[in-house]
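In structure tokens, one chain follows: the form predicted alone.
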Amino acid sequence: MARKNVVFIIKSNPFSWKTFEALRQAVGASIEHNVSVIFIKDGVYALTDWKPELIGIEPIDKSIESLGMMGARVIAESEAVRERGIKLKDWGIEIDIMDKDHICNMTKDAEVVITW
């Protein structure tokens, strides 16, 4: 199977199972494909130093670390970060900050886009 460019877009807040599941799928897909995970809108809250275990949600640290080891890109929408006035956690991997125009081009050029 040929490697595809796969983009996962996480747009909803991290206070449910969705972000954890999206990242789990992204890690699995990164084994055979070129994966980019893009956090937009309220999804950028997942990249802060919040404590999901305090509300019974699985932490995403291992998934983010695995994405880095697999060579996947992790991206935060600059406008969403700025509008919410948040500071991104140091995940130990590079988190790219991109504006909406670059994100639109990435999704346009992707062969598969999965939105959460």
Partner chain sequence: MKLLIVVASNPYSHDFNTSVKLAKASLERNHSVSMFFMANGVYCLLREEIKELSERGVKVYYCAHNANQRKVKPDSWAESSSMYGLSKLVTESDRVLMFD
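Small disclaimer: the values here were computed from a predicted structure and weren't measured. Residue numbers count along the first chain shown, from 1.
Missing here is the form predicted in complex with the partner chain; even so, the following discussion is about that form.
S.K.: Spell out, yes or no, whether the shortest heavy atom distance between D61 and the partner chain in the model of the complex is within 4.5 Å.
M.R.: It does not: once the partner chain is placed as it appears in the model of the complex, D61 has no heavy atom within 4.5 Å of it.
S.K.: Is G71 part of the interface with the partner chain in the model of the complex - any heavy atom within 4.5 Å?
M.R.: Taking the distances in the model of the complex, the answer for G71 is no, it never comes within 4.5 Å of the partner chain.
S.K.: Check whether E21 has any heavy atom within 4.5 Å of a heavy atom of the partner chain in the model of the complex, and answer yes or no.
M.R.: Result yes; E21 sits at the interface with the partner chain in the model of the complex.
S.K.: E32 near the partner chain in the model of the complex, any heavy atom under 4.5 Å?
M.R.: Judged by the heavy-atom cut-off of 4.5 Å, E32 is in contact with the partner chain in the model of the complex.
S.K.: At a 4.5 angstroms cut-off on non-hydrogen atoms, which residues of 69 to 88 are near the partner chain in the model of the complex? List them in order.
M.R.: Going through 69 to 88 in order - heavy atoms within 4.5 Å of the partner chain in the model of the complex - there are no hits.
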